[in-house]
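In structure tokens, the next block holds one chain alone, the form predicted on its own.
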């Protein structure tokens, strides 16, 4: 079975729906019509560009090119996490923490999947490595961004309570434990909800794509189960690592809260 090709007219009709949504936002007064249109244009340009890049990458199958593509994806994901935070660590520390936590979780999970589960040869085959890493990074990015933003905001807003606990003799882990656990749950809730609703409320993207491409529904289901497990693991480990590393930057060696390490609140 061949995939039905989409033409300019088909995409234009879909774009019209987006314009209609932006018009509704204008009439209602939501104030996000410009953001809707800009995001749609940006997405279109990015996907067209990445399509051309992937076409060349799939044709070459070169490890250096796959590595460079993966590195670019990681660096952009780190920037997106940092940009979404209302309060962030001063300097490049926040960017390095978010990027490092995503690298540790997403890249290690992707490597294990490619070498032990999918067992593709060579393991860096771009048709498998890039889409898998992209799904892992995308979901981990969302989890880390949500958890990190809530951590820095809650620590700042509840600094009085945290400092009182420290004065009572608690360690920084104990004083901030409730906040950190809530932040970790916040970062993991989206993927947990996705797993709970998969197959009943929604058909996940990879499974739908494989079915549209002509794969057996059972094979598509198996791949989707694998992907969901990997995404959950990658997101969870990334969130835990990011929250731990950011927390360490918010307390000094004498276990004092250092809110000065946070920037002023910025609008998202």
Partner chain sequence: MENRVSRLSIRNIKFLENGPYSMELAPGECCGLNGASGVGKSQFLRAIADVIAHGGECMLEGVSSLEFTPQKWRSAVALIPAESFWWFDDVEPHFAAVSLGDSYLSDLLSRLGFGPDVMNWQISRLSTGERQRLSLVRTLIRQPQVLLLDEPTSGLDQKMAGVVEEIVTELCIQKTCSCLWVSHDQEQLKRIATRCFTLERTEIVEMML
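Numbering follows the first chain given and starts at 1. What you see is a predicted model, and the numbers here were worked out from it, not measured in a lab.
From this point on, the text means the form predicted in complex with its partner chain, which you will not see here.
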Legend entry - in the model of the complex, residue 164 touching its partner chain (heavy atom, 4.5 Å): yes
Inset, instruction - Report yes if any heavy atom of residue 178 sits within 4.5 Å of a heavy atom of its partner chain in the model of the complex; otherwise report no. - result: yes
Inset, instruction - Mark residue 248 yes when one of its heavy atoms lies within 4.5 Å of a heavy atom of its partner chain in the model of the complex, and no otherwise. - result: no
Inset, instruction - Although its partner chain is absent from this view, report whether residue 168 comes within 4.5 Å of it in the model of the complex, heavy atoms only. - result: yes
Inset, instruction - Can you check 121-129, 101-109, 185-193, 153-161 and let me know which stretch has heavy atoms within 4.5 Å of its partner chain in the model of the complex? - result: 153-161
